[in-house]
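Only one chain is included here, represented as structure tokens and corresponding to the form predicted on its own.
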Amino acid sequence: MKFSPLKGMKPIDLLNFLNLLAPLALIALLCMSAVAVADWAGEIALESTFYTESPQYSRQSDDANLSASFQPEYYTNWDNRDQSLEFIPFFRVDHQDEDRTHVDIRELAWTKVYDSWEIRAGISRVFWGVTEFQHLVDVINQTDSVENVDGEDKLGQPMVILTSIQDWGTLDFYALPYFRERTYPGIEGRLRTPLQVNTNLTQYESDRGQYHPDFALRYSNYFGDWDVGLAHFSGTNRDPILSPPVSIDPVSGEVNAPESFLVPYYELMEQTSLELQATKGSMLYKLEALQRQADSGNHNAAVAGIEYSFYGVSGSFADLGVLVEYHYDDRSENAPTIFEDDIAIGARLAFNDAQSTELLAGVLVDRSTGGNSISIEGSRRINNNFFVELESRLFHGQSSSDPAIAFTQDDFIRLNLIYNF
């Protein structure tokens, strides 16, 4: 099969995409011109995605899509490096899905370091977790799901973090004054739900909506070979409940047919979580587990896995890591996630060459239905400034109760050309 990033694209589509790209290019040039007088860095990426099958739903884009992103990074410090400021905006322009064209502030945070504690205030991103295929306990930042279906990309979250660093461990206290709604692909986007998500009608359990104050507390430490993280979160659930709105006729009292779109509902929750990682020579043992309480019901979930590294494979400089994980959610088939009873197997190959070549491949298999999804990711440096990334995802045999059933015709190959400055 011959891959063409422009296949299926009409001339008017390409012209519209270039018109969208022009403001982004201007911003990039302005930031790059400031590199000589400030601590600027960042990347510009051109993305081409090819879908191997026709769209599953009407109005979705055809078999090719172009996109561009720009993420500059600014960092400065003063007061003998005890104070610093970090700024990372993000811009995306997509030629098909207008909801994927968006701007976000990933980071805009001031940090002050003291002898045994520090404060960080502003917009930031925080990562919790140790496992590979699913970051189960990662709850602080909202998912930017128009970026990728894997949930790795996160929106910037307004927060204040107080960190106390002691001999007995590190204690982080999070105050989150504002909630970020999840992003969703538009009607023309691929890898979306069968019905479009209408974020204009978003509902909240809290009367304060997005201004409900959320809080979290996390303790972390290491004991010999063991790294431990124990946390509690109280606030708005980052995972919305999606359902079509239903109305009642005021005259007859009958229930009207549901609308042909979905509305996000964000409820309040309490989540207690545990992260464990043990390093025993070439073997890593990993665990993430949580207990979540909400009005819609309480549930428990966990991910357990091992990863073994082979160094200097076949006498070369390459290292190979092989990993196996089991994903469990006690809501079983009613869980709004693909990780309810699944086994994941993967391999990570680092060539350790001058081009920083890496390859990551994995398969996630549902133990109940046999449905599976395959992911392949690779990257390689071209020169000092250019990187190329390749990503592919394939979906096969999903059951009707599996959320991934919506992606059965969305197998894709994605090529990213990245310029670092």
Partner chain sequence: MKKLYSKPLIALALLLPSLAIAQGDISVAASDIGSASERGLEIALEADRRDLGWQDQSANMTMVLRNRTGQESTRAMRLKSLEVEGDGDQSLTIFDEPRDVEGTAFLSYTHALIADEQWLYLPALKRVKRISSSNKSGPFMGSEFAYEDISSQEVEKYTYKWLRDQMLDGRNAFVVERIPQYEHSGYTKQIVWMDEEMYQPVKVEFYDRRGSLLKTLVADQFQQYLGQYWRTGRMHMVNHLTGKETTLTWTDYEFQTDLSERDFDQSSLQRAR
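This structure is a prediction, so every number in the text was calculated from the model and none was measured. Numbering follows the first chain given and starts at 1.
Just so it is clear, the following notes concern the form predicted together with its partner chain, a form of the same protein that is not shown.
Its partner chain in the predicted bound form comes within 4.5 Å of no heavy atom belonging to Phe173. The closest non-hydrogen atom of Asp207 lies beyond 4.5 Å of its partner chain in the predicted bound form. Heavy atoms of Thr131 reach within 4.5 Å of its partner chain in the predicted bound form, making it an interface residue.
Residue contact check for Phe317: one or more of its heavy atoms lie within 4.5 Å of its partner chain in the predicted bound form. Site annotation in the predicted bound form: the residue of Pro158, Pro264, Pro89, Gly321 reaching within 4.5 Å of its partner chain with a heavy atom is Gly321.
Distance criterion of 4.5 Å from any heavy atom to its partner chain in the predicted bound form singles out Glu73 from the list Asp104, Asp99, Glu73, Asp341. Just one listed stretch, out of 109-117, 233-241, 294-302, 184-192, contacts its partner chain in the predicted bound form at the 4.5 Å heavy atom level, and that stretch is 109-117. Judged against its partner chain in the predicted bound form with a 4.5 angstroms heavy atom cut-off, the residues Arg81, Gln277 and Leu360 are in contact without exception. Counting a residue when any of its non-hydrogen atoms is within 4.5 Å of its partner chain in the predicted bound form, the hits in 207-238 run Tyr222, Gly224, Asp225, Trp226, Asp227.
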